[in-house]
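The form predicted on its own is given below as one chain in structure tokens.
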Amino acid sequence: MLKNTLAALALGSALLGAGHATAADYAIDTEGQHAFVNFKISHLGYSWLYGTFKEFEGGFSFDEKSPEASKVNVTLNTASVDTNHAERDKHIRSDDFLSVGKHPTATFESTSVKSTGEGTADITGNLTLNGVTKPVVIAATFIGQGDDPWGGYRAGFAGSTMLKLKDFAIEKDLGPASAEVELIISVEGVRK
């Protein structure tokens, strides 16, 4: 009888413990170039202009069973903007847009994660860009997770959000078609 009671307690403890898994911490893999912070903006309403930020770092914590416990933080070097056109990049770095001399970094720090369906979530957080901090919501999709060929474990996500330039004190008049920019993010993290 005592043996059966101890076995039942052990099984109950194991099941309860399994339900309280903790989030794993991941470093965003920028060294292996498995992460991107891209953007897309209308050029005068005639076409799309695409660009990327080549230098950034950050991490996230993720628990598939409890996505609301997840957290994200990213810091990027604003001078690393690249639109495949040197003169345009110089202009984007100027005080007309990113003011990289005054604001060399932009940051995102999540404040909440809300599941929106199977493998999707809204990540709300504070984005600081051009010296202005505003709340933004990133619509995120879980891509996958698993072992990598080098003995590590990885998880990947994609996300996007729309930003109004004037919300971040970018007042250059580009016309109404170019008043918003879409951030397109793809990250792969390596579990620490």
Partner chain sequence: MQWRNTPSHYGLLSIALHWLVAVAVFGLFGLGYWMVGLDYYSSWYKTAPELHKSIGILLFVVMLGRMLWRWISPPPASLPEHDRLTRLGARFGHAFLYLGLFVLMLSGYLISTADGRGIGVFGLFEVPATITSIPNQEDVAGLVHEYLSWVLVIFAGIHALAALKHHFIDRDRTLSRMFGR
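Numbering follows the first chain given and starts at 1. Everything quoted here is computed from the prediction, not taken from an experiment.
We do not show the form predicted in complex with its partner chain, though everything after this point is about it.
The candidate stretches are 105 to 113, 80 to 88, 67 to 75, 118 to 126, and the one lying within 4.5 Å of its partner chain in the predicted complex by heavy atoms is 80 to 88.
Although the partner is absent here, L44 lies within 4.5 Å of its partner chain in the predicted complex, judged by heavy atoms. Interface residue remark: A24 is not counted as part of the site for its partner chain in the predicted complex, having no heavy atom within 4.5 Å. Put simply, V181 is far from its partner chain in the predicted complex: not one heavy atom of it is within 4.5 Å. Heavy atoms closer than or equal to 4.5 Å to its partner chain in the predicted complex belong, across 164 to 185, to the residues K172, D173, L174, G175, P176, ordered by sequence position.
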